[in-house]
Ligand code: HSE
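Just one chain is shown here, as structure tokens, and it is the form predicted on its own.
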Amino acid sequence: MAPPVLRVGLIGNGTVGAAFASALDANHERLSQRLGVRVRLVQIAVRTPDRHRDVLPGVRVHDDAESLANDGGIDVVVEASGDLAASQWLRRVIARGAAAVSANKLAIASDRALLDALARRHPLLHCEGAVAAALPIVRALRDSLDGEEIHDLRGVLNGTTTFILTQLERGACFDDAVAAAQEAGYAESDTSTDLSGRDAAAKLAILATLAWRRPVTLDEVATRGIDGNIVDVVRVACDHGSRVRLVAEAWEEDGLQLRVAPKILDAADPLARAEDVINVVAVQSALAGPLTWYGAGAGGTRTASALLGDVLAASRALVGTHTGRIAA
């Protein structure tokens, strides 16, 4: 008898979505062996379906993300659209007992219901790809450090601003550094979310929600980004052996404090290792002490790696507790 099938729907087929679809197709057999069920992409919802019809044979492509989220025949919905409306789709997916996997940090960090689900470790909501791409910080806070008391959390979480600041250190002017980030595919044509610090603030809200087990929204993070005025600060810092990075940090002091802002870092600071699109996250916990994660925090294939890991985790939750959902 053929193994049962776990049906996956994908919302969004841009850089991240396309990388995920390709990775799922390439790793299909290996994933199926690990899970004991076949994992199959059956639907893709995008704004312009005609441009994506030939993505993968046998996959239905359409423009109705809401219907995909509501489709009872889909077991796992992977959301990689970047659309703020995605929070509604993710809530609907979980409500009907399917699994939701998302790389959309702004949608999650703006929605208290989803943050509450994260704080409670809901088994059907996964978002490793929303923070630091393949860097496994979400899973570490959610699972490995779940029994820990977290004292503080610091990170360089936005690859675009780190790339720009690295270019400034190498002598580029601000506008040329931004253009280089766009040309390399690390920045969108509209860089406001990255440069304002809002992207890093959304990621910090998700990490703080997991670390302190209570919903922390994007609006609770005091946020200041970077602009052309940062150039002189970067040059002076370099002259003194220091670096400027956009730092996201959360700590306990008369309640939970949350902040994103450019900071001058001593060369010995673990966060000063961040350059180009490398992300660094440092956590201080009661029992484990100081812990640091380091790795590429941007790019379609890296985020696809995180999405694949989340699909496996979500699939195990479905197979373990909702076996009636899986089709023979």
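Quick note: we count residues from 1 along the sequence shown, nothing fancier. Only a predicted model underlies this, so the values are computations on that prediction, with no experimental measurement involved.
As for the form predicted together with the ligand, it is not shown, yet the points below apply to it.
S.K.: Tell me the stretch among 245-253, 169-177, 143-151, 195-203 that has any heavy atom within 4.5 angstroms of the ligand in the predicted bound form.
M.R.: After filtering at 4.5 Å, what remains is 195-203.
S.K.: Could you tell me which one of Leu118, Ala187, Leu135, Leu218 places a heavy atom within 4.5 Å of the ligand in the predicted bound form?
M.R.: Answer to the contact question: Ala187.
S.K.: Of the options Val93, Ile164, Val78, Leu157, which one has a non-hydrogen atom that comes within 4.5 Å of the ligand in the predicted bound form?
M.R.: Partner contact (heavy atom, 4.5 Å) among the options: Leu157.
S.K.: Residue-level contact is defined here as any heavy atom of the residue lying within 4.5 Å of the ligand in the predicted bound form; does Val283 satisfy this criterion?
M.R.: No.
S.K.: Would Ala298 count as a contact of the ligand in the predicted bound form, using a 4.5 angstroms cut-off between non-hydrogen atoms?
M.R.: Judged by the heavy-atom cut-off of 4.5 Å, Ala298 is in contact with the ligand in the predicted bound form.
S.K.: Can you tell me which residues in 95-114 come within 4.5 angstroms of the ligand in the predicted bound form, by heavy atoms?
M.R.: If the 4.5 Å heavy-atom criterion is applied to the ligand in the predicted bound form, 95-114 yields only Lys105.
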